[in-house]
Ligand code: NDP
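The chain below stands alone and is given as structure tokens, in the form predicted on its own.
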């Protein structure tokens, strides 16, 4: 059968910013005859995520994700349906997901790497398995629970950077549900600010492209900042950290502002910020959700329940067609999405 796929055409140039031309659409042929343990899947939707920028380099800089290889099919989070199977764990018609789904319209995969999911958990909105009820939601929930030290009744203020992205938009809602009395989001447009406050229940939102972040933070966080969910790093994070209270906590989730630079992960801090962390006894530890997968099942169950009950609202930006993967990825890296960026491949 003929399938379309996306391969890595080139690595980003000297300025480090990815462009759609780094990806190439190809047509290839897929053999339908399966070996024992294999399944043929039809791809329903794929995810693009900030961490993938590291996979475009020859060295990702971290030990838990591998680099994409030139002229080879790209992969990431995906959801699809089993069309035929020679694997006892998968039957025709099963909805399945994987963290390493090839960017192809159809694919032959090893059944054992696929996770069967129940569409009822997301009221049939299967893309949610790539976001709010998937690895993104897990990162938000477990990041806050493991590193945030949020305590009901403690009058805490949380700040979320990259707050209108896939992870930040869930993290702010979890912070509010877990007991923060004030949740402030930082994002890059007035439209995103409105979505955070009107749709997701944030207390306030700051447009870092238009507003003076230090003065707006003081205004929105009159009692200082107790928990910071950091998705961006760089100057914004330095500004937040300088206004954090003693014995507060940074959840180091991502550093998207630094991903196009040739720096180690997490990127080094200035001496001034290091001294602020030390003087105020602020914890700042890297959070990697893959280290907490023993808690994933219960956490996904909670996320599903909260989404279905309306306690967590889900924002998505959906693009149609595998041919638009490169455009969608580059748009996501420059903040073109609100909520989770999803590429719909088939019905």
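Please read all numbers here as calculations on a predicted model, not as lab measurements. Positions refer to the first chain, counted from 1.
One more form of this protein exists, namely the form predicted together with this ligand; it is left out here, but the text below deals with it.
*Picking from 110-118, 232-240, 215-223, 148-156, which part of the chain touches this ligand in the model of the complex when contact means heavy atoms within 4.5 Å?*
Contact-bearing stretch, as computed: 232-240.
*Name the residue from 209, 125, 194, 86 that puts a heavy atom within 4.5 Å of this ligand in the model of the complex.*
Result of the distance check: 209.
*180, 96, 187, 184: which sits within 4.5 Å of this ligand in the model of the complex by any heavy atom?*
Checked against the cut-off, the match is 187.
_Would you classify residue 162 as touching this ligand in the model of the complex, given a 4.5 Å non-hydrogen atom cut-off?_
Looking in the model of the complex, residue contacts with this ligand include residue 162, since a heavy atom lies within 4.5 Å.
*Using the partner position in the model of the complex, report whether residue 244 sits within 4.5 Å of this ligand, counting heavy atoms only.*
Flag for residue 244 set to no.
*Please run the contact check for residue 203 against this ligand in the model of the complex: heavy atoms, 4.5 angstroms, yes or no?*
Result no; residue 203 lies far from this ligand in the model of the complex.
*residue 337: heavy atom within 4.5 Å of this ligand in the model of the complex?*
The answer is yes: residue 337 has a heavy atom within 4.5 Å of this ligand.
*asked:* Can you confirm whether 50, 166 and 333, the three residues that make up this candidate site, all sit within 4.5 Å of this ligand in the model of the complex, judged by heavy atoms?
replied: Verified in the model of the complex; spot residues all in contact, yes.
*Counting only heavy atoms, which residues in 130-152 are within 4.5 Å of this ligand in the model of the complex?*
Those in contact are 136, 139.
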